[in-house]
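This document opens with one chain alone, in structure tokens, the form predicted on its own.
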């Protein structure tokens, strides 16, 4: 019954998200697209985190997908839709190649390396003037769907649905068991027959493709990109803060954190221009110190405690 209720609730939320443009104007839909983009990045970041690997390279893969899509249109003459598919595959291919080098690293060494890669990607795009447009970036000849707000909302929602579906698959498949075993005790996982590198590579490539997907949708929705915006620290810091606030190692947690912090982010940008990044940093510190399981984890613990108390009451 609980499982059926969960699926029914998920279906109702999906339908509500699909029909939302019928009730909103262009600006609210633009805000919703921003929140959905960060939500997808938060969920994809958490998918890799389930293995114990903390990546700070979200913005790197997001920006890579953004540039891959834009340059595929400008330099190869691809259609916008084909360029999005190309960007996803390109991000996956780059992650596959990088995985053989960086997935041997653990803890802070992996985190620092992913952060460095983000900056390397930005510098490369900054300096390839003839190909990538240099620091001025590139402008696409047209915006996807001619900039129609509802259509742009739906394609962003489709990217989010793909990310959520992948995350749920990670939770329900044997990948979940393998990644959890690696996170809990890598030595025990290896002695139990878990192919650690294989599962880490799958997680890294899959999450990179999802981040590249959202970057491609972003650039096709706005019609331009440049190094400082495509590889903006916001695309790393905000999804990370959302996942931590909502609750890590789950799909629901980062989604809940994205809604709460996404709405707050829009307000903070108006009230504290550029200073909102400080607020995100403070949220990360406070959550780690006082609420390490996030809001979703806190709710689960309270529900479990309440359920246990009811069971004890019945037995007594």
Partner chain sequence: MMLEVKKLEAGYGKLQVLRAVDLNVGRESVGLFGPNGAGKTTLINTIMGIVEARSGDIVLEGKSINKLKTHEIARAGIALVPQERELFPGMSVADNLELGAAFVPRGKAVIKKQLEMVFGLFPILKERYAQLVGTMSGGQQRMVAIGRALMAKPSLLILDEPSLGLQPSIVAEVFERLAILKKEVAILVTEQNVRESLKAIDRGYVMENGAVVLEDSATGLATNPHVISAYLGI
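Numbering follows the first chain given and starts at 1. Everything numeric here is computed off the predicted structure, so don't read it as measured data.
Heads up, the form predicted together with its partner chain isn't pictured, but that's what we're talking about next.
Enquirer: Identify which of 136, 228, 148, 185 has a heavy atom within 4.5 Å of its partner chain in the predicted bound form; exactly one of them does.
Expert: Residue within 4.5 Å of the partner: 185.
Enquirer: Go through 178, 73, 166, 95 and name the one with a heavy atom inside 4.5 Å of its partner chain in the predicted bound form.
Expert: Contact check passes for 178.
Enquirer: Name the stretch, out of 190-198, 136-144, 74-82, 155-163, where some heavy atom lies within 4.5 Å of its partner chain in the predicted bound form.
Expert: Heavy-atom contact with the partner occurs in 190-198.
Enquirer: Residue 174 near its partner chain in the predicted bound form, any heavy atom under 4.5 Å?
Expert: Yes, contact at 4.5 Å.
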